[in-house]
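Two separate entries follow, structure 1 and structure 2, each one form of the same protein chain as C-alpha cells.
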Structure 1
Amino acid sequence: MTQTPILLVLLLALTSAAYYFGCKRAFRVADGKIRKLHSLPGYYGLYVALWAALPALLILCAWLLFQGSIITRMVVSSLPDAIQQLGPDRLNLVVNDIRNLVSGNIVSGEPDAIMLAAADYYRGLLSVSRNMLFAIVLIVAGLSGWYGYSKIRAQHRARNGVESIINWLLVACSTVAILTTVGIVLSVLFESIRFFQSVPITEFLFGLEWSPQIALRADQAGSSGAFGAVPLFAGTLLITFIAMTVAVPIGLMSALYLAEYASARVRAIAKPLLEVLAGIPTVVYGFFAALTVAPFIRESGGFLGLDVASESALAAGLVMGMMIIPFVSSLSDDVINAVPQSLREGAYGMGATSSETIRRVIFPAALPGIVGAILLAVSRAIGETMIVVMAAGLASNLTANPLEAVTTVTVQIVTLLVGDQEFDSPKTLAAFALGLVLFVVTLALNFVALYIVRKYREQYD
C-alpha cells in the first residue's frame, strides 16, 4: 500500500494543474474579458479539476475495495484440491497464513513449499495490481481532465455544472450515512432474532437473573445460562438517575447564571471552562471515579457505619453526573438565550424583579427546550461505558441500594464481546439483544427530545 499515498499526491497535483489550465483557458476563450464568460473563471477551473479527480477517485476506491477479495480467490484457486476442499474456517486460516507470509508477520506453523509458492504468487499478483492501479488512475485522470478542458467555451455553464456535481456529492454522502445507519440497525436486529430463537423474549425482558455463561458440557450445572436482563436495566436506571440528580440542578443553575446574571467578561471565561468537562476522555473520568471518588465514599460510609462496596453505583453516578453537566448547561444556556428579549422587557415593565422574571417568564418559556436538553443528556448517560466499568463493577445485582455494586447494559455488551467468541452461542448473541434494547431506548429519547425542541422553536421563533 506504499504506492497509494504517492498516487494520491500525484492525483492532487494533476487536479491542481487541471484547475490552473481550466482558469487559463477560460481567460483565453474570453479574450481576457471576464464579462464575456457565463461564469467566473474559477468555476471553469473547478469544472476541469472535478472532471480530472472524480472518475479517478471512483476507480481508486472500487479497485482498493475489490482488490483483496479478487487476489484471494485467484490464490485459493491455485492451491491443491485438498486445500481448496477444506472447511471455511480452516481455509481462512490458510489464507491468513499466506497473507502473513507476504507481509512478513508470524504464521501459525512452519510454512511448507505450497505455502511459500502461494505467498510468492500472492505477492506477484499484488505487485501487478498496484502497478495497474497506478497507471489506470493517472490515465483516467488525464483523459477525463482533458475532456472537461475541451468543453470550456465562453458561454459554457461551468457554474451550473460544478453546482450539479457538488449537489450529487452531497447526496452521495448523505446516502452513505443513511445506509450505514440502516446496516447497523439490520445487523443488530438479525443477530437479536437469532438470540431470541434460543432464549424467549419474555425471559430476556422480565427475567430477574443475569448469568450468561454457557457450560462446555450439557450435564454441567447452569449449562443453559440465565439471560434475565432486568438487573441490567435496573442498574442502568439507577446510575442514570444518580447522574441526572447531579447534572440537572448544577447544569441548569449554571445555565441560568451565565445567561441572566453573569457579566460578559465572566461569561466569556466561565462558559469555556465549564465546557472543558465535555472534552475530557471518559476513561479519565473512570480513573477519577475508581481511584478518588469510590475510596472516598467507602471511607465516608465506614465512618458513618454503612457497608459500602468497593465499587458502587453511587461513585459511578456521581462522576457520570459531573461529565454530563456541560451537556445540560450548554443546551439549556442556548435555549434560555433564545427566549425573545421582548418577554424580559415586558416583565420588567410590569415591575418584576430579575428573579421573578426568570421564575415566571423565562423559565416557563424555555421549559420545552430544557426538557429536550435533559432527555438528550439522559440518552448520553445511558450509553456511557468506561465510567461504569471502572467504578461500578460487573456484578449484575438487582438492587436499589446505590452503595452496592451494579452493572449496566453497555458494560455487559463489552464483557460479552471481549476475547475470542463464538457468534453461534447465545452468550455472544445476547450482546446484540442488549444493543437492540439500548438502541431503541436512546432513539426514543432522542425523538422525544427533538420533538419537544422543534415544538419550542415553532412557538418562540
Structure 2
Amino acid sequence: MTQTPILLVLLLALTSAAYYFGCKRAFRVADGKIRKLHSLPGYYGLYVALWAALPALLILCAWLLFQGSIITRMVVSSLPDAIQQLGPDRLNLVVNDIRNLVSGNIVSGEPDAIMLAAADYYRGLLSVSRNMLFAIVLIVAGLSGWYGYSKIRAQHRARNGVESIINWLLVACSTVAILTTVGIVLSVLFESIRFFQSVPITEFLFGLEWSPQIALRADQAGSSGAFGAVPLFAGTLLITFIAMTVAVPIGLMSALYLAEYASARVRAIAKPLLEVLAGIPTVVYGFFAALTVAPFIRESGGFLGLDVASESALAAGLVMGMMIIPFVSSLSDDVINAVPQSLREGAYGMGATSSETIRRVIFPAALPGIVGAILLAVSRAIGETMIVVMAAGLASNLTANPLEAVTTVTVQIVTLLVGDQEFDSPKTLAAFALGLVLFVVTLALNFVALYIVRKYREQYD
C-alpha cells in the first residue's frame, strides 16, 4: 500500500504537466492571440489535465478495491485440495492466517510449509499486482492525456468540454447516495436469502424462541439453533414504547411551551440546551443507562418491593426517551411554526386563551406534521443501538413487563457480528436477516413520515 502515495504524486505531476502543455498548445494554435480561441487557455489546460487524471484515477480505485479479493481467490485456488475442501468457515480462518503471515503479524500456532508457501505466493501476487498497477495507471494517464492534447484546436470548445466533464462528475457524486442504498439493500438481502435457505422465513418471523448460540457448537448442524425473532421484535417494541412515552409528551409539551409561551430569552437559552441532548453520542447514553439509571431503577424497585432486572427494559427505554426528546421537540417546533399566524390570530381575536388556541387550533392543525415527527422518532428509537447494547442485555424474553430484561434487534445484530466470526455461519447470516427487517421497517416509517410531513407543509405553503 505504501506505493499508492508515490503513484498518486506521480499522477499529480503528470496532470500538472498536462495542464501546462494544454495551455501552451492552446497559445500555439491561436498564434498567441487569445481572442482566436473559443475558450480561455486555462480551460484547454484543464481539459487535458482532466483527461490525463480521470481515467487513471478510475482504474486506480477499481484496482485497489478489487485487488484484495482477487488475490485471495487466486491464493485459495492454489491451496491443496484438502484445505480447499474445508468448508467456508475454516477456509476463512486459513485465509486470515495467510494474510497475517503476509503482513508479518503473529499467527495462531506454528505456520506450516503449505501456509508459508501460500503466503509467499500471496506476497508475490501482491507485488506483481502493484507493479502492474503502477505501469497501467501511468500508461493510461499518458495515453488519455495525449488524446485530450491532440484534440486541441482554436475552435475546440474546451470550456464546454471541461464543463460537461465536471457535470458528469457531479452526477456521479450525486449517485453515491443511490449506490449506498443499493449497496445496503443488496448486502442485507443477499445474506438474508442465504440465511433463509437454512432457516425458513416463517420460522424467523413468527418463531417464539431465539437462541442462536446453540448453533455455535461444532457438533451441531448450523440450523439447529432457534431463530424465532418474535422475542426480539417484542423487546424492541417494548423499549421503543417506553422511550416514546417519555419523549413524546415531554418533547411535544416543551415544543409547544417554547413556541407559544416562553419569552424570547427563555427560548434562546432552553432550546439549544435541549438540543444538546440530541448531540450527545449514544454510547454516552448507554453508559449512563447501564451505570446510573439501571442501578437506580433497580434499587428504587427493590425499595418498593419490586423485582427489577439489572438490565431492565425500563432503564434502556427511559434513557432512549431522554435522547429522543429534542428530536421530537425540534421536529414539532418546525411543524408548529409552520401553522400560519393567521390561525392563531383568528383564535386570539375571539378571546381564546393561549392554551385553548394551542389545544383547539394549533395542535389539530399541526397534528399531521406532529404524527410525522413522531414516526421519525419511532424509527430512530427502533434503530438505536448503543443504548440497548449497553443497557438492555441479551436475554430474549417474550414479556411486556418493563422491569424485566429484554433484548432487541439491534442488540442481537451486534452480538452476532462482533468478534471474530466465521462469516458464513447461520449465526452471522441471521444478523443480516435482522438487519433486513430493521432496514425495511425504518425505511417504511421514514417514507410514510416524510410523506406526511411534506404533504403537511404543502398545505400551508
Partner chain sequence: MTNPGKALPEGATSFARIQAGMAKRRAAERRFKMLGRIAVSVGLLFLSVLLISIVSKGYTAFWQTQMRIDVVLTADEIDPDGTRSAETLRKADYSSLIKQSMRDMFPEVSGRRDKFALYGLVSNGAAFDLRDKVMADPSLIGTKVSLWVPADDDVDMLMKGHIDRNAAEDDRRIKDNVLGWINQLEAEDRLELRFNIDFFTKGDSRDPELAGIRGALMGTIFTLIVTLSLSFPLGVAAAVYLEEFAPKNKWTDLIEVNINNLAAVPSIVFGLLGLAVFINVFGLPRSAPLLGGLVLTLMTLPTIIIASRAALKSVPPSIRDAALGIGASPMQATLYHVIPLALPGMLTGTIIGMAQALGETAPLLMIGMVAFIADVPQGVFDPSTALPVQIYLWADSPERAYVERTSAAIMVLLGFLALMNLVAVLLRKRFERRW
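In this text, rigid core is short for the largest set of C-alphas that superpose within 1.5 Å between two forms. Computed from a predicted model, the values in this text were never measured in an experiment. Numbers follow structure 1, counted from its first residue as 1.
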item	value
Number of the structure representing the form predicted together with its partner chain	2
Leu50 C-alpha moves between structure 1 and structure 2 by 2 Å or more, core aligned	yes
Rigid-core frame, C-alpha of Ser77, shift of 2 angstroms or more between structure 1 and structure 2	yes
Degrees turned by the smaller rigid part between structure 1 and structure 2	25
Per-residue C-alpha deviation between structure 1 and structure 2 [Ser127; rigid core superposition; Å]	10.2
After superposing on the core, C-alpha shift for Leu169 between structure 1 and structure 2 in angstrom	3.7
